[in-house]
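Next up: a single chain in structure tokens, the form predicted on its own.
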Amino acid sequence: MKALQILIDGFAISSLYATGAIGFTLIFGVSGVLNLSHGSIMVTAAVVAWLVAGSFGAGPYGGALIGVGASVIVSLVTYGIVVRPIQKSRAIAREEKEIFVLTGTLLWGIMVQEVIAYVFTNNPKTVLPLIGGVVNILGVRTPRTEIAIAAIAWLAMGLLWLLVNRTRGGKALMAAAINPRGLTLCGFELGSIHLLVWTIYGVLAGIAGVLLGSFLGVSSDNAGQLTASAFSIVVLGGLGSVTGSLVAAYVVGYLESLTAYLVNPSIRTVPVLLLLVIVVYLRPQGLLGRR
């Protein structure tokens, strides 16, 4: 019975991790940015969804949509006032811009986190579940919203696959990840491509944040842990590899679930960090990375 519970819960949390981590690795692959404000953006989406659904009576679906919208806005602001100015700066040496972007997004994420804590306190907030009730799966009582979470996460990833593989803009994203100079020679503006990828990232991070808020609840204190989890998944799967991030998300999700159920929830991230150290030592490019 416990094994089935771990299987169900692990699948839901892994799907959440995959949704957020794929967006995280997508902006790295296209724009070369490791966004260390990732967790704060996810928390923003969840807190806004909680506020709008509860205090303004928008209901779970209205709250979720506005929460995702808030995530997109914060994502674009992050790109517009933190990342792009550093990338375009002539005062910063080219080889130093990456560390400046890392530092800038980290500090920006801390600022967003502190604003959330100041306005809403750091008490956990639980987003209204999208679907109420429970269902019995082979003797395990499972909230319906947990099934909906996994379904929505996979729907989002499926739509992303269609966007990337079946639309002109999506194919331009892939081309930007492979050969940005060649893409500009074909008449595409890299600035527009970067705006598109940051918008997609905001949607994915927002969906992951809202779903996480309805599953486990979130607070401003979770921002750092969420960023660390996404970073661990992306490095474990291979920087820039969307497939690698998907595989790594399920490895991390199930490893955390096993640790929480069989050992202690307070140390659920420790085995993941140990695995990350081993993988980085034995295969620095990650499970499916090429570089």
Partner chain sequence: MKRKYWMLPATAAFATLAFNSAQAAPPIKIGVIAEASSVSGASIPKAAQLAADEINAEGGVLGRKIEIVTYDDHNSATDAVRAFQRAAREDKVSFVIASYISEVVLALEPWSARLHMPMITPGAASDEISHNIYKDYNHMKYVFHGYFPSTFIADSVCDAAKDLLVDEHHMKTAVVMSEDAAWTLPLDAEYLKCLPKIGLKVVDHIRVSPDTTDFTPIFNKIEGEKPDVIITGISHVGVQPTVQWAAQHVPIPMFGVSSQATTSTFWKDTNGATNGVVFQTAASAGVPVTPKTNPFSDNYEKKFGATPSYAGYTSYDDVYMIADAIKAAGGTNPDKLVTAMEKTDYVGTIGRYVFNGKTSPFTHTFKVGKGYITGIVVQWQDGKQVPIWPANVAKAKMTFPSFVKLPQ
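From a predicted model like this one, the values you see are computed outputs, not experimental measurements. Positions refer to the first chain, counted from 1.
Keep in mind that the form predicted together with the partner chain is not shown, yet the notes after this line are about it.
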Contact label in the predicted bound form: residue 50 to the partner chain, heavy atom within 4.5 Å: yes
Does residue 134 make contact with the partner chain in the predicted bound form, using a 4.5 Å heavy atom cut-off? yes
Could you confirm whether residue 192 comes within 4.5 Å of the partner chain in the predicted bound form, counting heavy atoms only? no
Residue 104: touches the partner chain in the predicted bound form, heavy atom cutoff 4.5 angstroms: no
Just one of 62 to 70, 233 to 241, 30 to 38, 254 to 262 has residues with a heavy atom within 4.5 Å of the partner chain in the predicted bound form, so point it out. 254 to 262
If the cut-off is 4.5 angstroms on heavy atoms, which of these, 80, 180, 124, 169, is the one near the partner chain in the predicted bound form? 124
With the partner left out here, which residues of 262 to 287 have a non-hydrogen atom within 4.5 Å of the partner chain in the predicted bound form? 265, 266, 268
